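Single chain ahead, by itself, as structure tokens, in the form predicted on its own.
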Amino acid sequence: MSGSGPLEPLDQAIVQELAADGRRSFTDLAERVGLSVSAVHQRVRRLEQRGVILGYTARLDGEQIGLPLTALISLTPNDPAAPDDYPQRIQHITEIESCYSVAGDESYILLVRVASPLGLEDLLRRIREAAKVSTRTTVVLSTPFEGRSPTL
């Protein structure tokens, strides 16, 4: 959000409904929040323009799309004096789903999805070469939940 303060209650309700189901129709949304379809459409458009709603995506099952192995990779610079441009150096690597700048010993933590342990090994090599970093990897065994929307 661009510093515009907390959301109005109706906008909060719209955002929560869309977070639960981004494919919800304007008609359904209007019924759920008690506004007209045109008012909901206007509010959703404004929320998109303000950057509250960043987009709409499909959540995919890694197993079914051939990427069953999920891992978290922590990056630590080899040279602490080097410029902090690691995200730019690795953004072309498609197996990286998310990149988080973090406080602590590491500089960044990556969420990655790959097809196999061999694929992870290759990915680690490519990350180390591209970013000139050392890595520490945690392999995910199972995912009880993920991608939950914050409660407003």
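All of these numbers come straight from a predicted model, not from anything done at the bench. Start at 1 with the first residue shown and count on from there.
The form predicted in complex with a further copy of the same chain is left out here; the points below concern that form.
A single residue from the set 33, 37, 124, 111 has any heavy atom within 4.5 angstroms of a further copy of the same chain in the predicted bound form; that residue is 111. Among residues of the shown chain, residue 51 is one whose heavy atoms approach a further copy of the same chain to within 4.5 Å in the predicted bound form. Contact check for residue 134: no non-hydrogen atom falls within 4.5 Å of a further copy of the same chain in the predicted bound form. When contacts are judged by a 4.5 Å heavy atom cut-off, residue 87 counts as touching a further copy of the same chain in the predicted bound form. Within this chain, residue 115 is remote from the site of a further copy of the same chain in the predicted bound form, having no heavy atom within 4.5 Å. Applying a 4.5 Å heavy atom cutoff to a further copy of the same chain in the predicted bound form picks out 15, 18, 19, 20, 21, 22, 23, 24, 26 from 13 to 30, in order along the sequence.
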